[in-house]
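Okay, so here's just one chain, in C-alpha cells, the form predicted alone.
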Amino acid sequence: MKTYQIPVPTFDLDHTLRCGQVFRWRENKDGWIGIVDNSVIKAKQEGDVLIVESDLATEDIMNYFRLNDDLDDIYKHISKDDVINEAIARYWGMRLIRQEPWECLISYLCSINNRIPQIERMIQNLSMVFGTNLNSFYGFPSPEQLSKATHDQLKKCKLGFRGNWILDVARKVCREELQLEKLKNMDYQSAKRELLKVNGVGDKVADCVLLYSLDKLEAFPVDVHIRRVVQREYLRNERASDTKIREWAERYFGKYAGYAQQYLFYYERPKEM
C-alpha cells in the first residue's frame, strides 16, 4: 500500500462515512477501513489533511470522496433557511461519495424495507459468498459472478425477497440490457426511466443510485426521514406525496438538491436513535 496525504480544507471524513450513504466502511481506533474498487483502503483525518493507505491512485481517492466538488459554492446554493443552515453547521464538511454504480445499485436494492445494520450484513454476505478474497476482506461481486448464483447460494446471503431482483439485474447487465455507465451521459429524467425498468427499483432506489453513483446531484431520494423533516419543517405538516416532495426540492434547492437531501437526512436520523 502507498500512503497519501491529501489537503482537504473543506472535508469531514467522519461525517461523510457515518451519514448512511455507504455500507462497507468500518471505524476503528486508527480511523476507517473500507473496500473501494476491490482495494482495501485505510483512511483517517488529521486537521485539514486526509491520510490514506491504499493501492489506488490519488486521483481515484479524490474522485471517490468528491474532493473536487466546490462545497463552498454548494453551500451557497442550498443555504435557504434556518433548518438546512443548522444541518450544514452541524455536519460541515460532509460530502457525497461517488460510488461504483453496480455496487451502489445492489446496495440500495438491499436497502428496501431494511435498516443500515441489515443492509451491511447482506452486502458482506454477498461479498463473502461471491466476491474475490482480498486477504480477510472481500471484493464486491461482479455482475458475472452474481449472474451464476444459485438460489441456495442466494439464500445463504439472507437477502429475502431481494435475492430474485439481484439475480435478475445481474443477468440484465451481463446481457447489456442495462448499461449503467451510459446512464452518466443521460439527463436525470432519462437515466431514471432506465433504472425504473429494473425489477425492484422504485423512485427512492433509482434516485439513490443516480445521486450516489451517476453524478445526478439534482436527485432527491425520499424516504421516511426525508418525508418527515420536509413535511414538518417546510410544508407545515401538509401530507404530500413523495412525487410532490421531490418536485418541491427541485424548485427549492435546485441543481444541488441531492446535497441538501444528505444533510437533511443526517440531521433527521439521530432524532430516532
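One-based numbering along the sequence shown. The structure presented is a predicted model; accordingly, all values stated were derived computationally and were not measured.
Omitted from view is the form predicted in complex with the DNA, to which the following refers.
Mark R121 yes when one of its heavy atoms lies within 4.5 Å of a heavy atom of the DNA in the model of the complex, and no otherwise. Within the cut-off, so yes.
Any non-hydrogen atom of G93 within 4.5 angstroms of the DNA in the model of the complex: Result no; G93 lies far from the DNA in the model of the complex.
At the 4.5 Å heavy atom threshold, is R98 in contact with the DNA in the model of the complex? So R98 does not count as contacting the DNA.
I'd like to know whether E194 contacts the DNA in the model of the complex, with contact meaning heavy atoms within 4.5 angstroms. Taking the distances in the model of the complex, the answer for E194 is no, it never comes within 4.5 Å of the DNA.
Contacting member of N113, S190, T150, Q179, with respect to the DNA in the model of the complex [4.5 Å, heavy atom]: Looking at N113, S190, T150, Q179 one by one, just N113 meets the 4.5 Å heavy-atom criterion.
So which of 129-137, 69-77, 182-190, 161-169 is the stretch with heavy atoms within 4.5 Å of the DNA in the model of the complex? Of the options given, it is 161-169.
Which residues, if any, of 216-249 lie within 4.5 Å of the DNA in the model of the complex when only heavy atoms count? Going through 216-249 in order - heavy atoms within 4.5 Å of the DNA in the model of the complex - the hits are P221, D223, V224, H225, I226, R239, S241.
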